[in-house]
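Quick setup: one chain, the form predicted on its own, written in structure tokens, and binding and motion questions come after.
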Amino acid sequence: MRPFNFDTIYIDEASRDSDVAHRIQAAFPSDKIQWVDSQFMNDHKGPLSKDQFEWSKRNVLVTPFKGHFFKRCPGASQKTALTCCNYYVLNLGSQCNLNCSYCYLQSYLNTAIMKIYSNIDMAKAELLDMMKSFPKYPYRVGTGEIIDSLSMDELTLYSRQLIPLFKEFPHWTLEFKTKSDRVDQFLDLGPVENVHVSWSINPPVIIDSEEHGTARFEQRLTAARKIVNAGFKLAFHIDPIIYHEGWKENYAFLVDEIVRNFSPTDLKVISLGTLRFQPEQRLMMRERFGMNSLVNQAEMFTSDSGKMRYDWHLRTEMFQFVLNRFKNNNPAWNIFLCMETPETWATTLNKSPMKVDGLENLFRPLPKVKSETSESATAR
């Protein structure tokens, strides 16, 4: 196991007998571990300060989760209609040990410590209940909404518990979304066609300047090749596309490297999204990364959904540039837009996603899950 740079790992007494607590005790010296009760860190209210947020990335709490693990992607609950791809999330922790300047968790989380949820058996039971109820529906389930799917998976090994479960339900899809290169711990479980490993990826200049602590560009491509060779499906999320001087050359390089190393048959989908964040996040980004950060330099506007976004014309130009670069190489690349309006879809693709070959099943409505009518345990 490669090392993890945590200051302290706190273990809730309620998690003492969990597999992940045992693995942590075996992997870390005892002076790195503290035992706490279930009220630890429960007294914080409201947004985090810069110092609190940075502390939360270096310290971990292993604790049971008491809410719904399985719920719909937040993109489906925006104030205005975004075209949603029927994505669902299974949250097995919160906060991230990686440190991207644009990370939406800076305005999303109000828990002042990174968490690993120890009761994965309850998460699997909740998931299995839905799978048995709707075994033939094409649910897509990701584990990377409020924590990177794989950056701590060598420690938790949760991937090894989820992959066999999804193997039993071939109509369902599991997606591990990551900016790490930690994949060796489950490669022996392949091939599994309905388990996808996807990388959020950007040109090297963006990774180097904005995605701190993540796997570098070549490391991500190397890990992606391992995934394909092991018989898993691959996806790339070019998100967020960030405007900067020379953006066309840099995103052309990114596209060209993907098409040089992979084929459309290797990739299930490629999604595109542009920089977006809640207005209150801007101050945190400036405090933490300064005005030299590319996310703090571009002109942004408040959209109908309340998020700060680039001007619609610029977003459309960027989407069309990347899309055309792929399609000019091979029309078979399967590409969609993430958290965008129907108008942007119409301008970029000249049609709705339901009329794009290969995308219809992603956007067809599915039965609701229990958690869609209840509040998420994580503050928005």
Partner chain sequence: MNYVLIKTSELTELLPLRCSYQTELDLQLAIQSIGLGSKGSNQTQYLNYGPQLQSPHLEAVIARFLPEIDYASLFMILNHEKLKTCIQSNVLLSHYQIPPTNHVMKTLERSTAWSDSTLNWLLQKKIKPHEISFLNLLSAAECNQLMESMGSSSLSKMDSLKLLETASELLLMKIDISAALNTQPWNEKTVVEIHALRYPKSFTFNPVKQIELKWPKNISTQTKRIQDKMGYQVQFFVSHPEELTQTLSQLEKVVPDWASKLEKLNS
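Bear in mind the structure is a predicted one, so any value in this text is a computation, not a measurement. Numbering follows the first chain given and starts at 1.
As for the form predicted in complex with the partner chain, it is not shown, yet the points below apply to it.
- The partner chain in the predicted bound form is not approached by L187, whose heavy atoms all lie more than 4.5 angstroms from it.
- In the predicted bound form, the partner chain lies within 4.5 Å of some heavy atom of N296.
- By the criterion of a heavy atom within 4.5 Å, P64 is excluded from the residues contacting the partner chain in the predicted bound form.
- Although the partner is absent here, W312 is a contact residue: one of its heavy atoms lies within 4.5 angstroms of the partner chain in the predicted bound form.
- Exactly one of the stretches 122 to 130, 166 to 174, 265 to 273, 304 to 312 approaches the partner chain in the predicted bound form with heavy atoms within 4.5 Å, and it is 304 to 312.
- A heavy atom within 4.5 Å of the partner chain in the predicted bound form is found for exactly one of F217, Y88, Y243, F236: Y243.
- The listed set E287, D208, D256, E193 contains one residue whose heavy atoms approach the partner chain in the predicted bound form to within 4.5 Å, identified as E287.
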